[in-house]
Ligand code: GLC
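Before any questions on binding or motion, here is one chain by itself as structure tokens, the form predicted on its own.
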């Protein structure tokens, strides 16, 4: 039998849909049945470390692995995976799914609790709880994630600015550096890059703006949707004020890729991004390597709170290769594999590893990331269940209108409160 290389990497294009997912490039035959097919996020550093881990797995077991990259947009990836899993014809074995997707695939994934009964307690209990649906463990945590603020360490030193702790100081620092760098000959320089396009990243930003402005819980004691309207309005006013002031107006179309590209190109002082970006932002071959620092979110009467993220592997019930896929899942989520993941910038889902002093030697910002995790804010995926995507889409549309200047913050907050309340009852 012809063996495909263990490090085969394919891309899943949403327009091709399920009918073409069985091919890996033009003119190639479908992969052999004994290759484990997994989907992952198309982040360069994640692809690299996954490639390394699966190569070791194949060397140890002789079992080939085929890596498929989903669309860069989180929303597009969810839609594509729902079609793939629902069709039961994609041939995928393990899906890498977001922490907020657990309720989107009812009955489609294998209950992993019995397979990992001796190891479940090794992971963060909160993540295991999040990944449990109707008593079934839908997915096993691979790496966790949280929104953080990256900054140009060299530029803060150049302008004698300490990493800012409040939004007021942050805005002043961003503007000072922006004006200085433009005067030095870079007219494309802006103070702050983030994600303002109508995608899931905008919902994550919104949750952070609310949390850092002291909005608090989105639900009252009776479980009804509610907001501290004064603070929520202030949060939106602040964010809208960044555009054209310290943020490129193009941010209204940006997702993670565009914001990172602006930062990589040396055209931003600060970048709101995810903790997993540490490895790719500081890759040795990049000009900015060693010049980037990271901090928790600035605050305004709130907590320095980034949105909690994280990714987990789920095993498709339609997989014809479940035994080997379980072996790979054990390998990828093992303590040794998570150590290697951490060195690439991906936060472990095993609490024990945070107590290991040697970890910090390989992952400089581990302490900062822990502080961010301690203060992390949650998206209301548990409250909305399968309606979470509808909730998030609603937030994106309403907030996009505000950021573009089409609506006021007061009107936007009123609309959010009314429509999110109705959606919660559906």
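What you are looking at is a predicted structure, and each value in this text was computed from that prediction instead of being measured. Numbering follows the first chain given and starts at 1.
Beyond the structure shown, there is the form predicted together with this ligand, which is absent from this document and is the topic of what follows.
The stretch among 272-280, 339-347, 126-134, 156-164 whose residues place heavy atoms within 4.5 Å of this ligand in the model of the complex is 272-280. When this ligand is considered in the model of the complex, residue 310 lines it closely, a heavy atom lying within 4.5 Å. Although the partner is absent here, residue 256 sits close enough that one of its heavy atoms falls within 4.5 Å of this ligand in the model of the complex. The shortest heavy atom separation between residue 379 and this ligand in the model of the complex is within 4.5 Å. In the model of the complex, this ligand lies within 4.5 Å of some heavy atom of residue 200. The contact residue chosen from 100, 268, 148, 140 relative to this ligand in the model of the complex is 100, the criterion being a non-hydrogen atom within 4.5 angstroms. When this ligand is considered in the model of the complex, only one residue from 235, 329, 297, 204 comes within 4.5 Å through any heavy atom, namely 204.
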